[in-house]
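Here we start with a single chain on its own, the form predicted alone, put down as C-alpha cells.
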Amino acid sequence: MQTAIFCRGWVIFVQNMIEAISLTKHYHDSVAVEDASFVVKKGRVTGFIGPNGSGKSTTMKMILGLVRPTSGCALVNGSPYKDLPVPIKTVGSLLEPTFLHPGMTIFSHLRAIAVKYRIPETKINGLLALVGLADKGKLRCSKASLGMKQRLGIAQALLGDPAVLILDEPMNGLDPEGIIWFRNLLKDMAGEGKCIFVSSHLMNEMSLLIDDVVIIKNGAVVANSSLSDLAKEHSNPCLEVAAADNSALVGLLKDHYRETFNDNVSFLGNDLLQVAGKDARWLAELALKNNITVVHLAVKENTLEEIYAGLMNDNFLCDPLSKM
C-alpha cells in the first residue's frame, strides 16, 4: 500500500527509500545545487558521481538535515530526516572520517554512540569484526590510519542497523583488498534490501559496485538511471579489430568502402583499429573474403569513466579519433 505525503506543493507516493525533490541550495550569489530530483531505491546500490564542487556533499547533507535547502525537499522512508524518531536506526551515514576524538579508542568511540542511542554494547565487537577491526578496539583514534578511520566510520554507520546508508567517498584510504571487501559488503547489504547511496571518484570501482547512478554537474543532475540504461543511452558501440596486416585491412576499407569508412576507421594504439557503424560478423566476413587474417575482434562499449568524461565535456568517446 502506498502512502501519500506532501512536500511544498508536491504529492509524493512513498515507494523508495530516498527521494530528492527539486532540491536547491543557494549561498548568496552562489548556486551549490539547482533543482536536483532523483530516487534511491531499496535493494540497490546507487552511485553519486560528479567533479569536485559539483554539489554532491551538499546534496547528501541536505538529505541528512545538516544543510537546509533553499527550496525543494529530501525524504527518507517518506519523512524529512529531522522527523525520523531515531535517525541512527533508519539512516547510517559517513561523510568524512575526521570526526573522531583523538583520545578515544576505536571501541570506546562506538560505545559512546551506542550508549547515547540505547544500542546494545554487545553489537560492537561483531561490527568491528565485520569491518576488519576486530584486533584494533584498543587503538586510539589518533593512531588510526585513514583506512582504519574509514572502516570505523562504516561500523558507526551500521551501528543502528539502518535500512538506508549514505556514504560520501567511503573508499578513500582503503587498500585494494579493503576496496574489494567494501564492494562485497555493500552488495550483500543491498541483497538484504538496504538502500545504499554512495559517492566516489573511483570510476572503475563504481562500475563494479553500483546498480544505479546519479551524475551531477554544476549542481544539476545530468543523468539518473540504471547503470545498464546509462550505457545504452550514452554509448556508441564500435569494433576493435587487429589483423595480421592492418595496412591491408585499412586499405580494403578505404579503397572499396571510402564513402562509409573514410571517417570511421582510426588507429587505437600500435595494433588495434577502431571501426564504427558495422557489426562484428560483417567485418569478419569481409576480411575472410579478402584473405585478411583477423587476430582480434571485439565489440567495445564506453566504460562508466568514458561516459562520465563525455557528460562532463558534452561529448562521448568511441567515436573515430582521426580521419585515415
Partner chain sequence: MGRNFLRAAKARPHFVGYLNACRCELYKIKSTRSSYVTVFFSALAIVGLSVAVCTLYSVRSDHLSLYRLAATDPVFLSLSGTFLAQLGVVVFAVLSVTNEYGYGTIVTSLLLEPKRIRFALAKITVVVCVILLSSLLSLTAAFVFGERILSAKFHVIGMTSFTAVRTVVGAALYLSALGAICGGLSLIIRRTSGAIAAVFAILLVVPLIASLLPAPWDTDITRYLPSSAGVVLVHASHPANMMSPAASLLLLLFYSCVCIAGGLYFICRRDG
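Here the structure is a predicted model, which is why all the values come from computation and not from measurement. Residue numbers count along the first chain shown, from 1.
Heads up, the form predicted in complex with the partner chain isn't pictured, but that's what we're talking about next.
Heavy atoms within 4.5 Å of the partner chain in the model of the complex are found in exactly one of 58 to 66, 273 to 281, 286 to 294, 39 to 47, that being 58 to 66.
In the model of the complex, residue 199 stays away from the partner chain, with no heavy atom inside 4.5 Å. At least one heavy atom of residue 102 is located within 4.5 Å of the partner chain in the model of the complex.
Put simply, residue 108 is close to the partner chain in the model of the complex: some heavy atom of it is within 4.5 Å. Although the partner is absent here, residue 81 sits close enough that one of its heavy atoms falls within 4.5 Å of the partner chain in the model of the complex. For the residues 222, 179, 242, 113, the 4.5 Å heavy atom test against the partner chain in the model of the complex is passed only by 113. Shown without its partner, this chain lists 183, 140, 149, 123 as candidates; in the model of the complex, only 140 has a non-hydrogen atom within 4.5 angstroms of the partner chain.
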